[in-house]
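Next comes just one chain, in structure tokens: the form predicted on its own.
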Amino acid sequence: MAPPRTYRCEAIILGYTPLGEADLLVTMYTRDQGKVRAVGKGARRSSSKLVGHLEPLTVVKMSLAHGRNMDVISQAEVTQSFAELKEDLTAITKGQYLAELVDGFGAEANPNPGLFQLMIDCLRVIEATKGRESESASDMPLRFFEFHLLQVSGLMPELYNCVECRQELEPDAHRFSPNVGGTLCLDCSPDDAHLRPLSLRALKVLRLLDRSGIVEACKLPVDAGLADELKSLLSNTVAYWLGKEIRSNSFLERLHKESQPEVYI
């Protein structure tokens, strides 16, 4: 029996590019199909029934048809628009950062419902807290996302035993290496390890991220120094596994710098 020509899915739009005179090539991440690229026929025309339904960072229920070379979007219904998030430049840039990571780590025809739900949960927290968090805590949803992205992708770093000698880690400062799989005690230095220091405070936060939900994790008070260490550790680990530069990260850093008050001497 031939597979059905049409199918339905729940998707979050990651991005799109113009195609031809009026079409869009849409990249989305779906709960049950993994990453999908499909064509929105005539979606750039103002009269199209798809107008407003294929914007990045929008959760949509869709009907699609299998095409010869590319699936085609036949219907779309927005279930969550994240409209308030999209009104804030910093918040929407954070959302684009998540989308870029999901696009990089998500695979076509390889569903990962945990990754799908992780992105939606993090977008909800970013939208709910935009403009109301302290500067040092403002990126905790991103750190939570990066940590659990590694987890649901099968790349969870070791936080409790030395990855080299397997001894349980004492409460102390240690070292961390993304390419050997996590934390190393002070006695172990594999030849190929990309080592970086890991403070006791940062190790405690990583372990908290491992056992906490996003709402609890994002209430954790962190000072600027700890926030910078967590960002460097997690974003660099994610970038290592992704194997390329994360474009939206550099723009987000620029926004943070521009938001800092000027210091007059």
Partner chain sequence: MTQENIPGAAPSLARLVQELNRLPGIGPKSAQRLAYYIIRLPDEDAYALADAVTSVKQSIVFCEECQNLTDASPCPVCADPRRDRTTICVVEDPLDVLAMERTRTYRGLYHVLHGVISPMNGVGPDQLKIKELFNRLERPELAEMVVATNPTLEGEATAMYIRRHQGREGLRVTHLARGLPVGGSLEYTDETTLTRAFQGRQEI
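All figures in this text were calculated on a predicted structure; none of them were measured in a lab. Positions refer to the first chain, counted from 1.
From this point on, the text means the form predicted in complex with the partner chain, which you will not see here.
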> From the list Gln151, Thr93, Gln117, Thr129, which entry has a heavy atom within 4.5 Å of the partner chain in the model of the complex?
Replying inline: Thr93
> Do Glu158 and the partner chain come within 4.5 Å of each other in the model of the complex, heavy atoms counted?
Replying inline: no
>> Would you classify Asp121 as touching the partner chain in the model of the complex, given a 4.5 Å non-hydrogen atom cut-off?
In response: no
> Contact between Lys35 and the partner chain in the model of the complex at 4.5 Å, heavy atoms?
Replying inline: no
> Does the partner chain get within 4.5 angstroms of any non-hydrogen atom of Met62 in the model of the complex?
Replying inline: no
>> Using a 4.5 Å heavy atom cut-off, which of 198-206, 44-52, 65-73, 215-223 contacts the partner chain in the model of the complex?
In response: 44-52
